[in-house]
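The chain that follows stands alone, in the form predicted on its own, written as structure tokens.
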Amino acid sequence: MKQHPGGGEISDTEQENMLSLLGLYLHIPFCRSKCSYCDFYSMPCAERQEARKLMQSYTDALLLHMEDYAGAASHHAVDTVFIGGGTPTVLPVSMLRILLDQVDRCFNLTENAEITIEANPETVSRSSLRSLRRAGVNRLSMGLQSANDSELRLLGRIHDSNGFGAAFADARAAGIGNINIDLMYGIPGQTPESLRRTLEYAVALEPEHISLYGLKIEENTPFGRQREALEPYLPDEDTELEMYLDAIDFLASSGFIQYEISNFAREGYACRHNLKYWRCEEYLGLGPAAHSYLGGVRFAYTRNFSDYIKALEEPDKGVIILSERSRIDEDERAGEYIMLGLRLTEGVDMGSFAERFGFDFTAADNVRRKLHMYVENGFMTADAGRLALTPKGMFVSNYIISSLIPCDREEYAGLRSGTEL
């Protein structure tokens, strides 16, 4: 208990209500092996003894980094923690527990905080999951991608569907009551029928949440280097759209509510941490390649493992680990508010937008014309002052959103005056 300024005690709940809310992301840049499509910053750990030393050094650095932020975050209550990667559960459970203990020590962790950890089936056991549950983890996000073993092999996954099912059962037995399953569509050789079988497999496990991502082939990945050879086997755009729309319908009929372009949840199980990103709320990301938005500033850390550790172990050496830092002005934040809000099925309330940013986003003639065109063609809805993408619009969301977001200050000035741009 702490004291009220005027006397008396402040309960833990009252203290939480007095603080700004903050999401915390911890990046664990290790994995068993690199998947063919993965562009996240991570490294496979082959040599066990050498890997253990790297993991220990990294854990120590992350502990120091959390300690560094304890003061800056003292006016925030951390209500979501997301441990991502890589594959965080490659890290020994003992190290993960130390990291979770440090979160509790350095931050004002709320009583009902959502604490998520990402995992792959081959890196967990019933005992390791039970240990993580005791340490505070209450949400698990596990990568299946496909229930078709030939598709898994093509993606470079090292589990099969049976292994995933066993790991899911272990998570339930360990007492984890909130589980997300990651799935993918647009895999080379995948058909609408094989995706439907994957969806049926995932739904039969009765998770609380399902994420479904379209495969994006990134340049600096094995798939990127093999793009020409893969091209004939990639589903075309019409087939991908069929897959996406069929998945939305099937998941809805199975009790999963779509709340974001790629995310579906049973009632009350939307991922609170990821909602922070889409609602322009504050979050702190620690680790190489981690991004943050805190105090009106966006910043990110270097994608260099060695520099990250060196800077935290030897701060007097002058190693710079910030790879970007910029203060976000109101114009840029307004664009982000539209861009991220349109990812959500709830869309963007124009009244709330105008109240927050002081202008009507839809006032300018060319914006109105574009919105009218998108609504007329079934890509968007504009009901009761709320803009939202339809499922068909979500499939081409990048194009639609980029066409609506202003590029410079002159365009924002036009929006504020409602004139032609």
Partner chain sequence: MTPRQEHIRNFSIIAHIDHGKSTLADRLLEYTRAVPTREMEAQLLDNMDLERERGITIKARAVNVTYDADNGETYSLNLIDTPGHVDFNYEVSRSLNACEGAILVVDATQGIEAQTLANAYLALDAGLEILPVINKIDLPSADIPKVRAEIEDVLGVPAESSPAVSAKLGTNIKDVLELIVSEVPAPDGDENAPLECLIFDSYYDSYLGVVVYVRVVNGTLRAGERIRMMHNGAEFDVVAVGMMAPFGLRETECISAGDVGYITASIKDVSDTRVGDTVTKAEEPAAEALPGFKKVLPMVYSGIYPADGARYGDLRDALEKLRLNDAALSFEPETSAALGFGFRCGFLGLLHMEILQERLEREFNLDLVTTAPSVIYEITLRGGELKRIDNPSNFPSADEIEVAAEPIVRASIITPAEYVGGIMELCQDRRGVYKDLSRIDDTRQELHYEMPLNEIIYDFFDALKSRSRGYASLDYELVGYKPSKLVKLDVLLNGDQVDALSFIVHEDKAYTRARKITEKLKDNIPRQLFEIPVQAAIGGRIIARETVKALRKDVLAKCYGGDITRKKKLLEKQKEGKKKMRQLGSVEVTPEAFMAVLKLDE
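Every value quoted in this text rests on a predicted model; they were computed, and no experiment measured them. Numbering follows the first chain given and starts at 1.
In what follows, reference is made to the form predicted in complex with its partner chain, a form of this protein that is not presented.
Partner proximity in the model of the complex, defined as non-hydrogen atoms within 4.5 angstroms of its partner chain, places exactly one of 351-359, 26-34, 370-378, 56-64 at the interface: 370-378.
Of the candidates 310, 298, 272, 153, 298 is the one whose heavy atoms come within 4.5 Å of its partner chain in the model of the complex; the others do not. Interface residue among 108, 221, 262, 102, judged by heavy atoms within 4.5 Å of its partner chain in the model of the complex: 262. Judged against its partner chain in the model of the complex with a 4.5 angstroms heavy atom cut-off, the residues 122, 168 and 229 are out of contact without exception. Residue contact with its partner chain in the model of the complex: residue 241 places a heavy atom within 4.5 Å of it. By the criterion of a heavy atom within 4.5 Å, residue 215 is counted among the residues contacting its partner chain in the model of the complex.
Its partner chain is not shown here, but in the model of the complex it comes within 4.5 Å of a heavy atom of residue 403. None of the heavy atoms of residue 20 is located within 4.5 Å of its partner chain in the model of the complex. Shown here without its partner chain, the chain has 324, 328 in 316-331 lying with a heavy atom within 4.5 Å of that partner in the model of the complex.
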